[in-house]
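Presented as structure tokens, the chain that follows is alone, the form predicted alone.
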């Protein structure tokens, strides 16, 4: 049963992606909608990141995780190497949790 579900999801994902390529010429979006699509994608990604950073289940994740994310964002904004961004964010979160910050 699990294999059937995985195959069904794979086929659905592939069909969804192919439909965009096949219908691109048939679908005529207004200029304002075409300009809004990249902004909408960035907004959805930001909302997903904020939800993952601030919540755990249905509750607030505590202050350690958002602080670690903030450290990572600041380092990425300052163009630090990726490994440093990840290690600093994880280290900040771990250190705060070790100190008892939820």
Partner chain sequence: MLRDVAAIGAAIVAVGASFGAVAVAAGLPVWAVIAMSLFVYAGGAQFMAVGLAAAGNPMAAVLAGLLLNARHLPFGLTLGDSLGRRLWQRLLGSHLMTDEATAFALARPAGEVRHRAFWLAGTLLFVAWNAGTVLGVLAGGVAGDPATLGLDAAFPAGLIALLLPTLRDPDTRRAALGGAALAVLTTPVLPAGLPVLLALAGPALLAVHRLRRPPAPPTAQVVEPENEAHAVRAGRQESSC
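Remember, it's a predicted structure, so these values are computed and weren't measured experimentally. Whichever C-alpha set is largest while still superposing within 1.5 Å between the two forms counts as the rigid core. Residue numbers count along the first chain shown, from 1.
Just so it is clear, the following notes concern the form predicted in complex with the partner chain, a form of the same protein that is not shown.
- For residue 99, no non-hydrogen atom is located within 4.5 Å of the partner chain in the predicted bound form, even though that partner is not displayed.
- Counting a residue when any of its non-hydrogen atoms is within 4.5 Å of the partner chain in the predicted bound form, the hits in 40 to 57 run 40, 41, 42, 43, 44, 45, 46, 47, 48, 49, 50, 51, 52, 53, 54, 55, 57.
- After superposition on the rigid core, displacement of the C-alpha of residue 41 between the shown form and the other one amounts to 2 Å or more.
- Core-superposed comparison between the shown form and the other one: the Cα of residue 29 travels 2 Å or more.
- After superposing the rigid core, the Cα of residue 95 is displaced by less than 2 Å between the shown form and the other one.
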